[in-house]
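First, one chain by itself in structure tokens, the form predicted on its own.
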Amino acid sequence: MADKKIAVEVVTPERSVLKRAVSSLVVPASEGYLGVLYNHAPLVAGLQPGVIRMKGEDAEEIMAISGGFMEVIENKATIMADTAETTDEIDLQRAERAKERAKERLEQKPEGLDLSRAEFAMRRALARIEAVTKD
């Protein structure tokens, strides 16, 4: 079963974040979390802010994304994310501050508030926090 891997590549407009062979992949799809295993059917899915979980032979790798798309074809998953951060790239205190700012804006609803942008900021901050704190 060791040879039954999925090649995963995570890219953003700025960089290639990760290339790895994994045994399973879970992504935050538009309609909920979606799992991918070896020989998955071809698929294109929209992604929302959340946490990607990849299981390798000896460890699980976690990263936060802020949305994008994933294509799965012939045991290769390509994730084209708006942003993607590995757990060692995330500043937990900064993410906590971003969450508090977003929460405050959503509670106070100041005039001219772009509600969808504020909600997106909250989801992105929560994804970063989850990636770092949930192992």
Partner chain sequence: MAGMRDIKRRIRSITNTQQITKAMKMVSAAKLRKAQQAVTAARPYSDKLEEVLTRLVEASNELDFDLTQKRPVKRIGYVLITADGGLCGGYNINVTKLAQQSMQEEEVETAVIAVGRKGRDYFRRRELAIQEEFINIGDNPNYIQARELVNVVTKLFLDGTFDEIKLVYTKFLTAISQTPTVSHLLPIAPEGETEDEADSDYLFEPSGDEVLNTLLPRYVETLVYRALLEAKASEHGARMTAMDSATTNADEMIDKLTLSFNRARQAAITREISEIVGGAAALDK
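This is a predicted model, so every value here is computed, not measured. Residue numbers count along the first chain shown, from 1.
Beyond the structure shown, there is the form predicted together with its partner chain, which is absent from this document and is the topic of what follows.
Partner-proximal stretch of 84-92, 97-105, 50-58, 26-34 relative to its partner chain in the predicted bound form, 4.5 angstroms, heavy atom: Selected stretch: 26-34.
Would you please decide whether Ile62 lies within 4.5 angstroms of its partner chain in the predicted bound form, comparing each non-hydrogen atom pair? So Ile62 does not count as contacting its partner chain.
Counting only non-hydrogen atoms and a 4.5 angstroms cut-off, does Asn75 reach its partner chain in the predicted bound form? Looking in the predicted bound form, residue contacts with its partner chain do not include Asn75, since no heavy atom lies within 4.5 Å.
Is Phe69 near its partner chain? Define near as a heavy atom within 4.5 Å, in the predicted bound form. Residue-level check for Phe69: yes, a contact with its partner chain.
Is Val11 near its partner chain? Define near as a heavy atom within 4.5 Å, in the predicted bound form. Yes, Val11 is a contact residue.
Its partner chain in the predicted bound form: within 4.5 Å of a heavy atom of each of Leu18, Ala21 and Arg123? No: none of Leu18, Ala21 and Arg123 comes within 4.5 Å of its partner chain in the predicted bound form.
Sequence-ordered residues of 38-61 touching its partner chain in the predicted bound form, heavy atom within 4.5 Å: Heavy-atom contacts to its partner chain in the predicted bound form: Ala41, Pro42, Leu43, Val44, Ala45, Gly46.
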